[in-house]
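Single chain ahead, by itself, as structure tokens, in the form predicted on its own.
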């Protein structure tokens, strides 16, 4: 076998990665350094001005950007713990032997196969304060999509219902990979269910937990479709997330340079959070 053979097999992936990920990422950095309106021929170079505007209280984007970052933080803090704990409980239940277990696994995972457009429009109508089925069944007039804190409760609840099955399947795969001998040894030592969970299940799931926590944080911080379709940023712009504002800034206001700067700032923040989470789990392993 020639030394170049492995690289020939890697070449298609490298070409696709470079074309659709690496080149756009580098090009995005270049755009962020310009006053970029794609409808105009002139795109003057402004250096780091788009980044500086994010920290300048006198700039027109300062208040809107940080409000959208606050909305992103609220949603992330509210949804991530639920999307870590609830799927684990479901996975622990589904990992036991009982009649109809396969059916319940499919039922919990089923919502995840639906696209965000389907989920958003479905719950937009169900949660409508005036005509929605939820208020009709409950006999209430709760402003699920137009008032606080109900709008956040709706967004978090819908997201947990929609994506819980994915994390549950990941946990379930991790649970089935834990050797049964460890549980048998724990029972011989007199360990109860809580001790088994703490000293066998959690250590065995630690690599899976790292993936689930980081992936869930990234997904929640990049939430767009639910807010765009269900609450449309209401009330006011309270539920307009950072991704929504970035899209609005770049695609509606034609300020692509400013939008690119915001996106890279958000990316850097998420990268730092991911590194911190990874290090925390790695230190626990030691």
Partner chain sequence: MTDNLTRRGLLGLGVGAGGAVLLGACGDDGPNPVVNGGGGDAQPAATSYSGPNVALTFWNGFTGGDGPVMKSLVEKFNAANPNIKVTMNVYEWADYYQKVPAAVSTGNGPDLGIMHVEQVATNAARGVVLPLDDVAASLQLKEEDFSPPVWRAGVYNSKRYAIPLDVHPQGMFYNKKVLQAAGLDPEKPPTTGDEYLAALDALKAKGIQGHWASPFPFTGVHQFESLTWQFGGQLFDDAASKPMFAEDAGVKALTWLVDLVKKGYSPKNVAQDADAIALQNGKAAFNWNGIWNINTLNGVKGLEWGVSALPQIGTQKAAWAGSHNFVQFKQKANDPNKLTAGKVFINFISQQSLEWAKGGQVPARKEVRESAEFKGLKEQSAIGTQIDDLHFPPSVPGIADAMATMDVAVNEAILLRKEPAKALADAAAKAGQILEQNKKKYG
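Residue numbers count along the first chain shown, from 1. Owing to the predicted nature of the structure, the values given are computational and were not obtained by experimental measurement.
Not on display, but discussed next: the form predicted in complex with its partner chain.
When you look in the model of the complex, the only residue of 55, 30, 38, 45 with a non-hydrogen atom within 4.5 Å of its partner chain is 38. Think of it this way: in the model of the complex, its partner chain has a heavy atom of just one of 73, 165, 129, 157 within 4.5 Å, and the residue is 129. Judged against its partner chain in the model of the complex with a 4.5 angstroms heavy atom cut-off, the residues 148, 251 and 255 are in contact without exception.
The shortest heavy atom separation between residue 231 and its partner chain in the model of the complex is within 4.5 Å.
Using a 4.5 angstroms threshold between heavy atoms, residue 64 counts as touching its partner chain in the model of the complex. Contact check for residue 217: every heavy atom lies farther than 4.5 Å from its partner chain in the model of the complex. Within this chain, residue 69 is remote from the site of its partner chain in the model of the complex, having no heavy atom within 4.5 Å.
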